[in-house]
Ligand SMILES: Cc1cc2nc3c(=O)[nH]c(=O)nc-3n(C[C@H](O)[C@H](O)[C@H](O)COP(=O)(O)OP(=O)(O)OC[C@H]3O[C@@H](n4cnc5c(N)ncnc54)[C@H](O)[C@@H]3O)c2cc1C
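This document starts with one chain, in the form predicted on its own, laid out as structure tokens.
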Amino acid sequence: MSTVVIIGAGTAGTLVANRLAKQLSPNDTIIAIDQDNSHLYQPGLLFVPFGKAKPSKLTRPRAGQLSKQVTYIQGSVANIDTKDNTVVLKDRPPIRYDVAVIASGSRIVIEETEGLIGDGWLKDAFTFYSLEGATALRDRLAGFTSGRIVVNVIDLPIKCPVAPLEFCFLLDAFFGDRSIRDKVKITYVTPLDGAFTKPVCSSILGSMLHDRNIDLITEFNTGSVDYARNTLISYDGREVPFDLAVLIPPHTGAEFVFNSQDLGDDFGFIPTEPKSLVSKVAKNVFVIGDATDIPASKAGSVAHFEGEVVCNNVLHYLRSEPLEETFDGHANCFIESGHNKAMLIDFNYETEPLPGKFPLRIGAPLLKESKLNHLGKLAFAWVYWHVLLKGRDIPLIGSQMPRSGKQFLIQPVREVMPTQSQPTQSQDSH
């Protein structure tokens, strides 16, 4: 008999628990731990500010998403002792494990940015990366009729890296539908040197911003927020004024990671072997989803693709077999572009997003806006609750990135220079 303890019952932890429930013996014990009993469908947060998703419809009980073979414990993890194979809880007895799976995700840390939590927070500055923030932003946008809206990624990495861009595109459509787009100036501010991390995709997304008259400010590292002047200030002294700021705060790993000896890095993410997803700290600790430090997107699709590898390797470890090294960094994302259209990207560690079709030569268009992709984005909510979380396989979509349908031999993408707004230089900079 073996005990597998899963820390975190969000997307990654739930799908791993349900997969293992089908694969392990009934005599084995599977325990999932989380600090509350509210499972949030995070992709839905993007739509809340525009009135396209109801907050009450985005949450369900965590325990209700888990197999009956999984024991759910609601409690806060204090730390993990990887030498003693023990999960220490704050308000319950410690739990010993044979294998631990860390699926604790990432969290936004608003307090890390100077001045962000001030008089203007949830009045002139918001985030849609929390249910509270997305709901408050919905109410603010409903009465916004003119002025400057700045969408700012403060630091990387973040959950769902394309979501801030999607928000810009939906803003453009939102005000266009209200016939006041010409009265609203939208600016996207990023610490990257382009609209996105991957060159081909960055060029296309930059062009989409340009076509929608959305300004792009790059290499802007926000150091503080000044609500007296409603201004973002970068570490190098540049400034971006706003009437309404939509901010994506810095992310870190779970708090218990910082309290666990040698478990995580300086940002609370856990050093992980990128192909086997075993931690670099202990051979019986596996890591999945946003909790890892691997160079893959922190997105739900990645957790889904990682799940097969993690579960197989848990079984291999328990049987004293060599681990699989088969995860290729596969990520797949729909990018809402407004007016009932979306773009689809599919990539991995080695291959950046490319044109073509997904998942086969006949399928949804890649790197191209279409209504089919928008319908796919909307349909994903059903797939999430009824297929992905249940640990079921999606037909034709495996853990490794499909090569069929992609155009690997392509001409260079035409570079379109997006509008570059140059923020003003602070008078106080040196």
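So that there is no doubt, residue numbering starts at 1 and follows the sequence shown. All of these numbers come straight from a predicted model, not from anything done at the bench.
Just so you know, the form predicted together with the named molecule exists too; it's not on screen, but the next bit is about it.
Peer 1: Check for me: heavy atom within 4.5 Å of the named molecule in the predicted complex, for each of Q35, A103 and A163, yes or no.
Peer 2: Yes, all three are in contact.
Peer 1: Heavy atom to heavy atom, is F50 within 4.5 Å of the named molecule in the predicted complex?
Peer 2: It does not: once the named molecule is placed as it appears in the predicted complex, F50 has no heavy atom within 4.5 Å of it.
Peer 1: Although the partner isn't part of this model, could you tell me whether V77 comes within 4.5 Å of the named molecule in the predicted complex, counting any heavy atom of the residue?
Peer 2: V77 belongs to the contact set for the named molecule.
Peer 1: Contact between N373 and the named molecule in the predicted complex at 4.5 Å, heavy atoms?
Peer 2: So N373 does not count as contacting the named molecule.
Peer 1: Residue-level contact is defined here as any heavy atom of the residue lying within 4.5 Å of the named molecule in the predicted complex; does K341 satisfy this criterion?
Peer 2: The answer is no: K341 has no heavy atom within 4.5 Å of the named molecule.
Peer 1: Which single stretch, out of 321 to 329, 147 to 155, 274 to 282, 125 to 133, brings residue heavy atoms within 4.5 Å of the named molecule in the predicted complex?
Peer 2: Looking at the partner contacts, the answer comes out as 125 to 133.
Peer 1: Considering non-hydrogen atoms and a 4.5 Å limit, which listed residue (F220, Y97, F256, F269) is close to the named molecule in the predicted complex?
Peer 2: By the 4.5 Å criterion, the partner-contacting residue is F256.
Peer 1: Scan S301, S202, S234, T82 and let me know which has any heavy atom within 4.5 Å of the named molecule in the predicted complex.
Peer 2: It is S301 that has a heavy atom within 4.5 Å of the partner.
Peer 1: Just give me the residues of 1 to 22, first to last, that have a heavy atom within 4.5 Å of the named molecule in the predicted complex.
Peer 2: Sequence-ordered list: G8, A9, G10, T11, A12, G13.
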